[in-house]
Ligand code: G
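The chain below stands alone and is given as structure tokens, in the form predicted alone.
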């Protein structure tokens, strides 16, 4: 049984959701619009929230950001009939949304989607994450997070990045995964680490596992790793955190997002140059995240530019998307960078990207993140 908050401005939608979810034994609390939703968010803990995108008295994305701040363990689902790609991608990139459900939807589909989310989150063992914190609970959470990060349950799965023309493997992106029942999702680990000021601890665990992968992968394989904006706060501490990777820094690509520019607009260039001086390459991740991504593109001098799934999806049928990727490829060639198209899932998308001239691709078409990639990908 889960405690579910539903925020929508349509009575009919709310009745359908309540009827569907109560059949599965959940307790559903309704709020008609953003104003009522804010009051309920302030009042209590929920395990999952369904929030409409556009309501007469406000924006559902603002409520999802508030939910993340007040209840980090609450699963956040955006419902929308207006798929605003930039807004939705911003919410996903900022970890404000765990899933987007496009309207209209039927009750069976909704029940299935929520079952998957709740099963993934192991709801019955997440109580520490869904309630307000006292000091003793915070100490327990610190011990829990530290234990997960130092256990075999915490790992880096690898997803291949391949050469578009030949299918040969350029390298892999290392993605955090957890087999721990209390913190099974990477978003839960990051949210808890942010709140407990333990991002450095997460970063050290990631670096240790990345170093172990570099020892196993062929010497020509690159390893791509994400950098959290807060990790750029103290460059000496970040250098210490990356110490296990410095001997192989030439094989490591650190992925930076537009959020890094939002956090450090005046000094980001200096900090990124320090990472380059250690031998690391940079990749600009998720080139669909708006103005900050474009500013960072001009300022970071990345070796790789990663195009987000929101642009890649169905690119074969969109002249505007193809033109945008063509322009990015032209810019990349002029600045001695390479484009990586992310989220490639179909042969049609891959073919269109090859025709444009994209040199590298990543996505389910070439392999899902795996704890042990197929041996053929090591070649």
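All of these numbers come straight from a predicted model, not from anything done at the bench. Numbering follows the first chain given and starts at 1.
What follows is about the form predicted together with the ligand, which we do not show.
Heavy atoms of no residue among 7, 29 and 99 are located within 4.5 Å of the ligand in the predicted complex. For the chain shown alone, residue 343 is a contact residue for the ligand in the predicted complex, at least one non-hydrogen atom being within 4.5 angstroms. Contact check for residue 276: every heavy atom lies farther than 4.5 Å from the ligand in the predicted complex. The shortest heavy atom separation between residue 177 and the ligand in the predicted complex is within 4.5 Å.
Shown alone here, residue 255 lies within 4.5 Å of the ligand in the predicted complex, counting heavy atoms only. A heavy atom within 4.5 Å of the ligand in the predicted complex is found for one listed residue only; from 80, 159, 281, 201, this is 159. Comment: the ligand is not present in this chain, but in the predicted complex one of 182, 195, 209, 309 has a heavy atom within 4.5 Å of it, namely 309. Partner contact region in the predicted complex: 168 to 176, out of 168 to 176, 296 to 304, 241 to 249, 72 to 80, criterion any non-hydrogen atom within 4.5 Å of the ligand. Residues are counted as partner-facing when one of their heavy atoms sits within 4.5 Å of the ligand in the predicted complex; in 347 to 364 these are 363, 364, in sequence order.
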